[in-house]
Ligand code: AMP
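In the form predicted alone, a lone chain appears below as structure tokens.
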Amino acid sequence: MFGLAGILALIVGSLWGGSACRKFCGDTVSDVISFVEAQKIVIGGCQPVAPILVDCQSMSGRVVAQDVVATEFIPPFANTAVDGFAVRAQDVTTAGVELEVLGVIGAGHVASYEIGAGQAARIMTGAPMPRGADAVVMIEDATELSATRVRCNKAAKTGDGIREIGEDVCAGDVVFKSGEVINAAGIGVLASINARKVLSYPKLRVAMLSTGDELVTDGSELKPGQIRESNLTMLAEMISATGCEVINLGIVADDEAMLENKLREVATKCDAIVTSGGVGQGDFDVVKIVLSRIAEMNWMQMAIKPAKPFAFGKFKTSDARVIPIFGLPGNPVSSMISFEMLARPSLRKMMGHTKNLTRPIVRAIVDAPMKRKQDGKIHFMRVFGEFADDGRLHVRDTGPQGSHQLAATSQANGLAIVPDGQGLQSGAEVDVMLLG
């Protein structure tokens, strides 16, 4: 259903049945559930935002919300694809024919004369074909004898070197279907058919915040018990790379009223909220207390490692909008993986994407043992992969796999989806999600 879910369903098989639920702070909190079920709850709980008209120059990476139909032909007139001489093919049936040159036609200029028997015109790439001419002899295949005389060293056929009207796009053609993503070439197409405004899904505005009295952000010397903030710095880049605008609220103070006011205010300016920290079952911090009070929250424990805890909720604004809330765990690797696996595809869905919500998954060869303990969970192991001479992707882990060990994770370009058990030996195959 959501790309990765189908593959993981095969891995999980029948290990995980339905999940029981109980109450926490007035909201739903699940017992341990499968990752597939978590995807259904989170991604299935997000809907595309309302489309808007966007300038074609700003369409890169955006999803078209309705078919784009061409109202003009591309090219709008028959023109030359090469520099050379516009001729009548019937005059140049053999090499060595000499013709009278009537003039020079540059791009953007229309000849006032017609090409008759035994005549030609010097013509530049992109210039309209003169009346009477039906072929172009390339400059490399001609010898200019004088300003008014040319020898054609190669025979010509009707249509040689000519771009016909509508050869690329015809008026009435659907150039982009609803749901397609526009790339750089697509922007060029939009400009070429004069589609100045396009109905598309907007880039999301995503607010993010983190918790923790131990976090230091100002570069000052660390005091006992303090660590430097890294999650927001990392998540800001990940959110931005997803195609969203970041609203960074920073580290929240342990003040319920202040936090509630901040969340209510930012909800009027954003389309989604991402928090980091305070989603574990034993955490009763200010974020959990406030979110449980102002939003409908689902506090989950997933059968995966890392990133077991995750929270998903919906906050209803005064103007009846529904703002999804993604509560990521505080450990940096867990935060990264839960964003990658749950928040990122949800944000993409909200921006109109219907295909490739998750990143590509390929089958890879394990080059070195991947050890793990049997614990009833799927492990997402950080790996570095390269394509070898056999044409297959070969992977090995990047080092320590702890949920707090971000340095080793920074070397990874993939996540190996390792099923429950004792791990994988060299030569085994494994599904790998490509991060690059």
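Just so it is clear, the structure is predicted and the values come from calculations on it, not from any experiment. The numbering used is simple: start at 1 and walk along the sequence shown.
The following text describes the form predicted in complex with the ligand, which does not appear among the structures shown.
Novice: Exactly one residue in Ile361, Leu204, Leu357, Leu215 has a non-hydrogen atom within 4.5 Å of the ligand in the predicted bound form; which is it?
Specialist: Comparing distances to the ligand in the predicted bound form, the residue within 4.5 Å is Leu215.
Novice: Exactly one of Ser210, Ser346, Ser200, Thr80 has a non-hydrogen atom within 4.5 Å of the ligand in the predicted bound form; which residue is it?
Specialist: In short, Ser210.
Novice: So in the predicted bound form, does any heavy atom of Glu340 sit within 4.5 Å of the ligand?
Specialist: It does not: once the ligand is placed as it appears in the predicted bound form, Glu340 has no heavy atom within 4.5 Å of it.
Novice: Just checking whether Ala191 would be counted as a contact of the ligand in the predicted bound form - the rule being heavy atoms within 4.5 angstroms.
Specialist: Ala191: no, not in contact with the ligand in the predicted bound form.
Novice: Heavy atom to heavy atom, is Glu229 within 4.5 Å of the ligand in the predicted bound form?
Specialist: The answer is yes: Glu229 has a heavy atom within 4.5 Å of the ligand.
Novice: Are any of the heavy atoms in Gly277 no more than 4.5 Å from a heavy atom of the ligand in the predicted bound form?
Specialist: Contact check for Gly277: yes, within 4.5 Å of the ligand in the predicted bound form.
Novice: Please identify, from 166-174, 126-134, 297-305, 323-331, the stretch that has a heavy atom within 4.5 Å of the ligand in the predicted bound form.
Specialist: Flagged stretch: 323-331.
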